[in-house]
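Only one chain is shown below, in structure tokens, and it's the form predicted on its own.
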């Protein structure tokens, strides 16, 4: 039908608009949630590292390494914290939670780093490590590693519901667009059929319905009516 062809570009534009809105909204949600959760986990890890650093001062002064090991073992039970290790002022490892031993990547790295760094430990996964100095670094450094895989999983769960909502809106918008376009297409189809009928000299049952419409379709229908009636008058006069 010609009327449907007339609105093909309109429908395509509406669908493209809904798709662009959905994709941009999803990307913004993913970026926002990712940034927020990553910062939150990193800040929590820094706070934990600082807490351990503050709590281990007396333990280090007494050289009670067993108590120091017990202290960090408790913090590893916190979700997302996968490893903790403590080095002294010379870089020697005093306590750690690695099993069976300290990875070579960490052994060969600078033990005094405190800024957040990304690590890939073979056989363990990807981590973000933060550090906190003990007595401004005089007594050593605490290092805490958090699992980025767990962070990614939480991000997926957090944005999952938002993506579902966006998909529902997209589907509803798709069918709503078809319905709205049909609201305009159907009266134009009736108008086309009416114009063809008037051109053939036919009178339809829907004439009064179209002529009584107070919109562009009704105005065009009245125009066709007056034109066809004028032609009939000319033909009757001749």
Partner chain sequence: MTLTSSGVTDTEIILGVSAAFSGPSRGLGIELYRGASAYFTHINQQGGISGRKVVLKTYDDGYQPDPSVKNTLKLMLEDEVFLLFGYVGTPTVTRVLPMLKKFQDRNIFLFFPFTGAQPQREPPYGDFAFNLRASYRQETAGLVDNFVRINRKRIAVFYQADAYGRSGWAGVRSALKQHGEQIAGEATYRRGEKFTGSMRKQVEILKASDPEAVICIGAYAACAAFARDAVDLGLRVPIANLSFVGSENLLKLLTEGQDNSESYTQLLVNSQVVPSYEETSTPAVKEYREMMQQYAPQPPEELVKEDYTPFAQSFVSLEGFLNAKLMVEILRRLDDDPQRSQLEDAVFSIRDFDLGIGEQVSFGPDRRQGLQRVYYTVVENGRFVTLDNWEDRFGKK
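Residue numbers count along the first chain shown, from 1. The shown structure was predicted, so the numbers you read here are calculated from the model rather than taken from an experiment.
Although not depicted, the form predicted in complex with the partner chain is the subject of the following passage.
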Check residue 27 for me: does it contact the partner chain in the predicted complex (non-hydrogen atoms, 4.5 angstroms)? no
Spell out, yes or no, whether the shortest heavy atom distance between residue 81 and the partner chain in the predicted complex is within 4.5 Å. no
According to a 4.5 angstroms non-hydrogen atom cut-off, is residue 74 in contact with the partner chain in the predicted complex? yes
Does residue 88 make contact with the partner chain in the predicted complex, using a 4.5 Å heavy atom cut-off? yes
Checking 44, 182, 69, 55 against the partner chain in the predicted complex, the residue with a non-hydrogen atom inside 4.5 angstroms turns out to be 69
Candidate from 151, 121, 94, 159 lying within 4.5 Å of the partner chain in the predicted complex - any heavy atom: 94
Per contact check vs the partner chain in the predicted complex (non-hydrogen atom within 4.5 angstroms), the hit among 46-54, 168-176, 61-69, 28-36 is 61-69
For the stretch 94-116, which residues lie within 4.5 Å of the partner chain in the predicted complex by non-hydrogen atom distance? 94, 95, 96, 97, 98, 99, 100, 101, 102, 107
